[in-house]
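Before any questions on binding or motion, here is one chain by itself as structure tokens, the form predicted alone.
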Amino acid sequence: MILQCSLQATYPDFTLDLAFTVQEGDLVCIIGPSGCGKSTTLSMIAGLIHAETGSIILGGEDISQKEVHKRKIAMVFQDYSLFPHMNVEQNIAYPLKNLKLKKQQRVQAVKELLELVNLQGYEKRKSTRLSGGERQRVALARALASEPKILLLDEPLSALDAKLRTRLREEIRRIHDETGITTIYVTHDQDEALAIADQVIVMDQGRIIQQGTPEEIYRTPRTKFVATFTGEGTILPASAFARTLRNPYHLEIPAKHRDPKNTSLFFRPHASHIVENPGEVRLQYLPFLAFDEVRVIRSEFQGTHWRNSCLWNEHELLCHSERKPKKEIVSLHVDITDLSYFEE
């Protein structure tokens, strides 16, 4: 079912005012700085907090005034909120009682859910004897047991170490694909959102700044905030374009580059190419920017690439390269199709 939200509420620190749509079957991640309203938004959808005005339309029906248990929405909290006196089987089976299933049906449902989250054989284990990753899986299975129309996940991996987070985010995506349930996932980890989401919503101070696919958010950010929040990059005065443009084949320059006033330009580190040999051109068939007399001031190996911090006319340029630069003074070439512009 399609979910359409229009929510407004006022708080001491910010005013929440947002509208967005989640398509049926999508996994949507909401990201933004602490205190921007991410978790508040989930709580409103779940019915734990009521908006002052607005609507929550699920499958054509406004559920904003419905009681929590009548919304057919399940939520997994940051601390998982498992019942400590119950074992794994009992925790997962708890919501099934409300569905008025017979005992044998509940047993079968629990078995299928344990298989879904890869916890076969854990039925009788107490929740207090589970690792963080196992508790997260049980909480997810319990949420799915109620057969919700929407699944809400509020930073479910934040308490786990980095390696386990990576593995479990892949599991969450797999479970989503197998169940097809519409999911809204709040996270503070931008990489996590870009890795698993169908759509990403970037919030700041109670408002949506941009919504789009992970690739759109990363490659074509609409504002400087979105650009810098979702990853590293270089920000320069827009006048740098005319100063560094190379167009050897005199191709037509798109209109957005021709006279950008009161703006800054932006590009990602992977979009800039280090050139160490005089006369070498990395992007010879396309218009590109050539930053000459660039000084490499720091290089860090990050596994898949080298991260280079460079200095050009008192501006810092960030660049990724396959190997560590051998020379201190280099050139950087940037394809103009990789540039974004933001108003000052």
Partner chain sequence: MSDYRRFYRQKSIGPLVILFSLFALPLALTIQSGVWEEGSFTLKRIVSAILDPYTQRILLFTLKQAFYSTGAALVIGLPGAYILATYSFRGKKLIKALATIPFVLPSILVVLGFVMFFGNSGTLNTVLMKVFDLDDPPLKLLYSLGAIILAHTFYNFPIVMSIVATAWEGLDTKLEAAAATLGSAPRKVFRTITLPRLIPSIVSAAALVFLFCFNSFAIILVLGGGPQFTTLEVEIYRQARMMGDPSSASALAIVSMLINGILFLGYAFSQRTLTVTETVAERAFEERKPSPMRTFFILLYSLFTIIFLLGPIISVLYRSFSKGASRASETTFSTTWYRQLLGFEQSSSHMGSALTALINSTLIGVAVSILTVTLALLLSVSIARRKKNSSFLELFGMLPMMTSSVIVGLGYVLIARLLRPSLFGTYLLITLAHTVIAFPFALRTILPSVRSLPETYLHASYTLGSSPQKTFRTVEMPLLRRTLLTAAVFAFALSLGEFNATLILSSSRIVTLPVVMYRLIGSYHFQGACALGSILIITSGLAFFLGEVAKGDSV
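Since the model is a prediction, treat every value here as computed from it, not as a measurement. Numbering follows the first chain given and starts at 1.
There is another form of this protein, the form predicted in complex with its partner chain, and it is not shown here; the text below is about that form.
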**Message:** My question is simply whether Asp79 lines the interface with its partner chain in the predicted bound form - judged by any non-hydrogen atom within 4.5 Å.
**Reply:** yes
**Request:** Tell me, yes or no, whether Asn98 is in contact with its partner chain in the predicted bound form, where a contact means a heavy atom of each within 4.5 Å.
**Result:** yes
**Asked** Is Ile175 a contact residue for its partner chain in the predicted bound form, using a 4.5 Å heavy atom cut-off?
**Response** no
**Message:** in the predicted bound form, does Leu114 come within 4.5 Å of its partner chain, counting heavy atoms only?
**Reply:** no
**Asked** So which of 30-38, 299-307, 44-52, 314-322 is the stretch with heavy atoms within 4.5 Å of its partner chain in the predicted bound form?
**Response** 44-52
**Asked** Though its partner chain is not shown, can you say which of Val186, Ala143, Met203, Ala227 has a heavy atom within 4.5 Å of it in the predicted bound form?
**Response** Ala143
**Prompt:** What is the one choice in Leu265, Ala271, Val88, Ala74 with a heavy atom within 4.5 Å of its partner chain in the predicted bound form?
**Reply:** Ala74
